[in-house]
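Just one chain follows, in the form predicted alone, and it is written as structure tokens.
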């Protein structure tokens, strides 16, 4: 039987509120918490801009609340661990970031998030007269076949989506234009994850799934949802080959494409392992005639202490490249 996870906490029921308090302090005045709600907003928002509200369940730090900042999210609505934020929290966060040009909701495609953000959008439009548009991140190729991309989960592709949409929202004048850029980005985004050990739920200490010491699960979801298959532990090159074969075929990516590449730590994987995987991915890209414009290797979308990583490829054009490369600054992601 798997052992309960060890964590350094106070009352497990207060982890989200205490985490947000610490996050606000770590931002040195650049973000503020909304009274009575687990939501964050930038303190330096311009008077007139399209607003970008991101959000979802906690437990994936630094996503989502760590991505509030310049050329990123204008605010974040935070749920409990692995749970969607409430409609009331989303409404208050949207009202706080609204600057007269509408609000774009951007979040991962999960049932609870879909329901609560949709309810909030209706409340905002009917009660407050605030125009809301929604773009859901659906980058996980393991979650559904290509003809059902609308059913796919959002995983580490959230990072590039927030970065591009945040940049677009800082420069474009209309909600329509920001939505257009976001939809183009998500259409060209593909990811896949592999896990070698489970994460856990802070309030219970229980693991999200069980995996034998000599097994790996390919295609994991962000909450520990089952992948496409389970197999014996294999070499880094072999695992990368399997994942890249499915990712490349899905868009499909073709010779001559230019991409952004992200290797994301699910929580407890070393930089050493991810760099070894990066080496193999670049060999595959070279072989397939795909050029890599930029590489991001780090920890952005986690499942507590889950061990494993995800691979994300984003096919670029000049417009997406521009917004992706704008300077960004937040506690969770900064790139100058």
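Positions refer to the first chain, counted from 1. Just so it is clear, the model here is predicted, and its values are computed rather than measured.
Keep in mind that the form predicted together with another copy of the chain is missing from the display, and what follows is about it.
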property	result
Contacting member of 284, 276, 34, 45, with respect to another copy of the chain in the predicted bound form [4.5 Å, heavy atom]	276
Non-hydrogen atom contact residue 291 with another copy of the chain in the predicted bound form at 4.5 angstroms	no
Partner contact for residue 174 in the predicted bound form: another copy of the chain, 4.5 angstroms, heavy atom	no
Another copy of the chain contact at residue 194 in the predicted bound form, heavy atom, 4.5 Å	yes
Any non-hydrogen atom of residue 212 within 4.5 angstroms of another copy of the chain in the predicted bound form	yes
Contact set, 67 to 105 vs another copy of the chain in the predicted bound form - heavy atom within 4.5 angstroms	70, 81
